[in-house]
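Single chain ahead, written as structure tokens, the form predicted on its own.
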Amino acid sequence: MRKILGLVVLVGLVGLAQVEITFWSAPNPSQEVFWRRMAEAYMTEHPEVKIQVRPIPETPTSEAGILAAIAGGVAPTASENVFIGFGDELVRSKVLVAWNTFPGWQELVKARHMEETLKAWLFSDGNYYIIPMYVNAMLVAWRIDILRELGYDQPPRTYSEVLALGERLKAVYPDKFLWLRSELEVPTWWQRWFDFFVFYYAASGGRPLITGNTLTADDKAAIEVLRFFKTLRDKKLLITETLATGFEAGKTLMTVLGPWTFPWWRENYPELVYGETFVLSPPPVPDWYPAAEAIRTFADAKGVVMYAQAKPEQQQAMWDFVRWVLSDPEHDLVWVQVTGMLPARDDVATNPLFMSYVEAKEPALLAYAAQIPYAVPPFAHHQYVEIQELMGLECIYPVLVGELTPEKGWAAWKAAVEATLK
């Protein structure tokens, strides 16, 4: 009997280490914390699976880190932090596994209430290679305490209103600025998500810059955005010098903000209180933008992918883990609590599970939930790096420093991109 029991124990111990999988989280401490918690809880229920959670190596970006791992044959089983443009590059290279090929896919989609949200993530071959984790509608935060000192009870909506606010600000506080954005002077591709794309999608009603392999941008809107940036700089309302703090210290009145900022603010700037010291609004728009029309903005939207280098048993184990995480709304609530970001669910603005927490603990997220239907994700093109770097090199910087007019700067970018797309 002892031998039989010993054999049973031995088989069980072997089973505990049968499948080892690796998940790379975004290089963001709060997201790593979330996935570690999920992995630990899952392994408690499934001791036959061992999950190693690590942050994606940034060399110099997470995208570069993933590509290096794939090239070296050491890709993880799965990772998060993949947006649709990078996903298009990975799909073209045939290094991803389609999630919808696993049994139980439709059940997961229904369980997470992401039928509508998922539509934007369908690839041209009819497959879903990315499960969205979050959709962050980028909003503009305003120092409402300083605005009230200047006689405003709400943020400006149009460019002319912003400039009028700037004149009043300089008259009362000559050393303050409206906006600090040193990144406008560098060509780093992903920085365009948090300046030009935000204002362009607002001005254009969400019109895509590129559709397929064709430029489809709204020229009038793009030029107006460039002119707005240039005017802010000329009037010394935009500062592009590097400062340790701007908005938090009250040196600037506005900043483009993602919801991941709030946990950091709670820890480091508890004096920043939603509704008291700051408020949120969609991006300002040109004066000709229809007053009754909703304002669009850029969506910082990323999700989870699985890599084809993984063995079949690892792929199945990872699918079971991801499905376990995303099928339970309580796990998405933990995501909100730990990361400060809203999950990519259709019911995020109506589900009491999320709204009760948001209203009680993080009311600023209500503005992000309301804006999700008007948030536009990045364009899906595998040359996203070159295209967005050209925007800084050929267009934004030359316009800001006066080398090119907004019209000529935009024309220069279009010409450079059309040459790239050929």
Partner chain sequence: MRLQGEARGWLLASPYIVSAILFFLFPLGWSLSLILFDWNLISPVRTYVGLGNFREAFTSARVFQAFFNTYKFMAIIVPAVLVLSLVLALIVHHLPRLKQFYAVGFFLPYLASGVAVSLVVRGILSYDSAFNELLRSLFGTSPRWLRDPFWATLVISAMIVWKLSGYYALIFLAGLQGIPRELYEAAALDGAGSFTQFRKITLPLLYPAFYTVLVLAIGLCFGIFTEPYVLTGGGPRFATHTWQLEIYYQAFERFRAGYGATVAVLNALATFVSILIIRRVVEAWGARRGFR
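Note that this is a predicted model, so its numbers are computed, not measured. Numbering follows the first chain given and starts at 1. Rigid core (definition): largest C-alpha set, two forms, superposition within 1.5 Å.
As for the form predicted in complex with the partner chain, it is not shown, yet the points below apply to it.
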{"query": "Every residue of 35, 99 and 320 near the partner chain in the predicted complex, heavy atom within 4.5 Å", "finding": "no"}
{"query": "Partner-contacting position among 268, 214, 350, 245 - heavy atom within 4.5 Å of the partner chain in the predicted complex", "finding": "245"}
{"query": "In the predicted complex, the one of 260, 173, 194, 189 near the partner chain [non-hydrogen atom within 4.5 angstroms]", "finding": "189"}
{"query": "Which of 130-138, 288-296, 237-245, 215-223 sits within 4.5 Å of the partner chain in the predicted complex, heavy atom basis", "finding": "237-245"}
{"query": "Residue 362, heavy atom within 4.5 angstroms of the partner chain in the predicted complex", "finding": "no"}
{"query": "4.5 Å heavy atom contact, residue 64 to the partner chain in the predicted complex", "finding": "yes"}
{"query": "Contact test in the predicted complex: residue 119 vs the partner chain, heavy atoms, 4.5 Å", "finding": "no"}
{"query": "Non-hydrogen atom contact residue 384 with the partner chain in the predicted complex at 4.5 angstroms", "finding": "yes"}
{"query": "Residue 59 C-alpha relocation of at least 2 Å between the shown form and the other one, rigid core basis", "finding": "yes"}
